[in-house]
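There is one chain below, alone, in structure tokens, taken in the form predicted on its own.
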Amino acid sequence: MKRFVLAAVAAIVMSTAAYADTVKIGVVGPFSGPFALQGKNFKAGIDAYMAINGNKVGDNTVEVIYRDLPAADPAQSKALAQELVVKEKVQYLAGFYFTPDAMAVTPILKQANTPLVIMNAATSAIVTKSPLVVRTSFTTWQTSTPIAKVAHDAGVSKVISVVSDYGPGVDAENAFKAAFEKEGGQVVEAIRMPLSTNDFSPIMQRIKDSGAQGVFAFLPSGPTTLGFVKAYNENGLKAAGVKFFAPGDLTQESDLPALGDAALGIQTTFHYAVSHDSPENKTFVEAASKAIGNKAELSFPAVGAYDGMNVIYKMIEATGGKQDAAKAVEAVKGLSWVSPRGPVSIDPESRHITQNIYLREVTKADDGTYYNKEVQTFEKQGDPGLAAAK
């Protein structure tokens, strides 16, 4: 009987040790619904990182648990995060495509002793809501500021701004306006559209009536951006010579086949293009394409997720797999590495990613495929929006 009891206790200890050696990461994103491709890219980036680097950090096995949030829903986002922390006992939260969903989760991080790694949501202020937030994606201030110089250098002095009316859209509007006015340009009108807008003809008419030489636009990547770019062409703005300027959300690679020749020549500024020429990106694209199943579907959320996993792996290493959110975040402040997008680092003060921003132009390859060709580099860009948010 004594041997039986000792064996039972040993079995419990062993099973507890095995359980303790598994570090769980909870990822929230749109894995169904109209933005499902973005969630699919999250998973492709995560799968690619683990395929290249394995599923272990030291003696700890990494397990990823996914939760589906098809559209922006802050209340549901918070509920899913709480479920992951309490029920699934995740040590890290990550993902989050839409800003309102990420914002909703920040109040629970301290009590949950859980870092949050933002793989997409692009409003500057997210990192200010909790010292346990780290961003590996980008912000719309970061990607929208350089395009103002591009517009000015193209001889455009009057622009109309059109954005989706939510956090990143407002950030994009403010970023472009501040930078364009600094260049000596004028924003003649600023239009904010509800996120649910899908008929853009009235907007195109307002752009025509404004007398602007160019339009600056921001919408979240997905079906709406596709509709907006098509409307720009179909309503004669491109033919009329109204120049189009935007951050790269509007020409994500997965949308280019549907846009076709209508997208040719559109210039955007962004932190990543699938065509980026580097050995690191070649390795990433090969692994991520295999994970997603179709290279044509590969887009920017995948690289945010890939680099997010790199940061989390460093956190796990620094804490020895123990749950210590403050120590985990402290360990990655100032961290630098060569990403598939180029050289990057985590700013030790803001916990936001510093990276190159590229001017890209939609181009047609010899094989008939469309891609974003990098034509200019704005090096080591931080986030101007953090200063503006104070």
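Start at 1 with the first residue shown and count on from there. Quick caveat: nothing in here was measured; it's all calculated off a predicted structure.
The same protein also exists as the form predicted together with a small molecule; that form is not shown, yet it is the one meant from here on.
Note on contacts: among 97, 176, 306, 272, the single residue with a heavy atom within 4.5 Å of the small molecule in the model of the complex is 97. Exactly one listed residue, out of 288, 116, 172, 122, brings a non-hydrogen atom to within 4.5 Å of the small molecule in the model of the complex: 122. Here the chain stands by itself, but in the model of the complex one stretch of 75-83, 144-152, 103-111, 163-171, 163-171, has heavy atoms within 4.5 Å of the small molecule. The small molecule in the model of the complex is approached by residue 221, whose closest heavy atom lies within 4.5 angstroms of it. Within 4.5 Å of some heavy atom of the small molecule in the model of the complex lies at least one heavy atom of residue 300.
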